[in-house]
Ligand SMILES: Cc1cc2nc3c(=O)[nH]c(=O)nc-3n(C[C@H](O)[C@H](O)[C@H](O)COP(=O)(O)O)c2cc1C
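Next comes just one chain, in structure tokens: the form predicted on its own.
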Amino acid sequence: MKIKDLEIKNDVFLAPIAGFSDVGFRSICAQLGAGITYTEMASAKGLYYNHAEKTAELLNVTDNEKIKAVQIFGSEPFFITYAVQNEMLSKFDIVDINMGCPVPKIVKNNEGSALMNNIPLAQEVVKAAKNFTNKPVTVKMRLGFNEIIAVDFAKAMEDAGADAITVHGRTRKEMYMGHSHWDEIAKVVNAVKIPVIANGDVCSKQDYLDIKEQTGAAGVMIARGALGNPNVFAQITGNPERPLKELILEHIKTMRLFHSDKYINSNFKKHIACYYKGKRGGKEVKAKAFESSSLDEMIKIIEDSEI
């Protein structure tokens, strides 16, 4: 697959997942086969006002990530212009603009999926990025805010200069309810000339094959389907799978290169919940991990588990 002049080794990618797409998770997913890894979304305003420590936490990378995308959010072209020129983004290969986040605190600032209610402004945001970076600029969108307007919105993003579009097959109103509308993603694929990446309800190799067939999309992005299951990328790409316990411990080891043990012990528990969901003895492991007072204690709990 190709985005602008950037050659991608395959067509399956790790989504930007708020609270989960940390440097450790991105690293193991890249090793297992994710062709592009996306950061959690970073605020364009935060980059402008130099909220360096908090933003830097989101933008750590490893050498395992061969094609790296940074996702930024904002609705003011001035801040987007500044963000794409920020030195902290220089290590990334792609700039992705979030126009799909449904979270109320983002939407109330006219950011994320709220931009789908203002197509001219959304176009200005894309143009602002395109005018000040030579990197590919992509957009992650939903089908619409309350109503489906995906085709019109995607065409507008293409006209503004977007080099590719990721479409999550739900409206903002639907949040994460029901099944992703793959048929609506297919309409976007047929309406634009730039690559379209399909996103929504891909949790297995069969899901990947089905969404490719039903949408005709150039690529597939996996979000919640990868949480607790990074081996899904190996299954899709044909790479060797790795024992889950080994991956969990490597995830933590990578996090330790960038964060304090206290930070990891606090922030890794949500990953533990995903890794051990539905696993034998998982409830007991999660209970112990959630009560752990140190990272070393959490690691010992993982090492002793039967996962």
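Residue positions are given as counts along the sequence shown, with the first one as 1. Bear in mind that the values here come from a model prediction, so they are computed numbers and not experimental data.
Note that the form predicted in complex with this ligand isn't included here; everything after this is about it.
Participant: Does this ligand get within 4.5 angstroms of any non-hydrogen atom of residue 184 in the predicted complex?
Facilitator: Looking in the predicted complex, residue contacts with this ligand do not include residue 184, since no heavy atom lies within 4.5 Å.
Participant: Would residue 224 sit within 4.5 Å of this ligand in the predicted complex, counting heavy atoms only?
Facilitator: Residue 224: yes, in contact with this ligand in the predicted complex.
Participant: Even though the partner isn't displayed, in the predicted complex is residue 40 close enough to this ligand, meaning a heavy atom within 4.5 Å?
Facilitator: Residue 40: contacts this ligand in the predicted complex.
Participant: Consider residue 230 of the chain shown here, and say whether it contacts this ligand in the predicted complex, taking contact as heavy atoms within 4.5 Å.
Facilitator: Residue 230: no, not in contact with this ligand in the predicted complex.
Participant: Check for me: heavy atom within 4.5 Å of this ligand in the predicted complex, for each of 15, 71 and 140, yes or no.
Facilitator: Checked in the predicted complex: all three residues contact this ligand.
Participant: Only one of 236-244, 40-48, 251-259, 62-70 gets a heavy atom within 4.5 Å of this ligand in the predicted complex; which is it?
Facilitator: Of the options given, it is 40-48.
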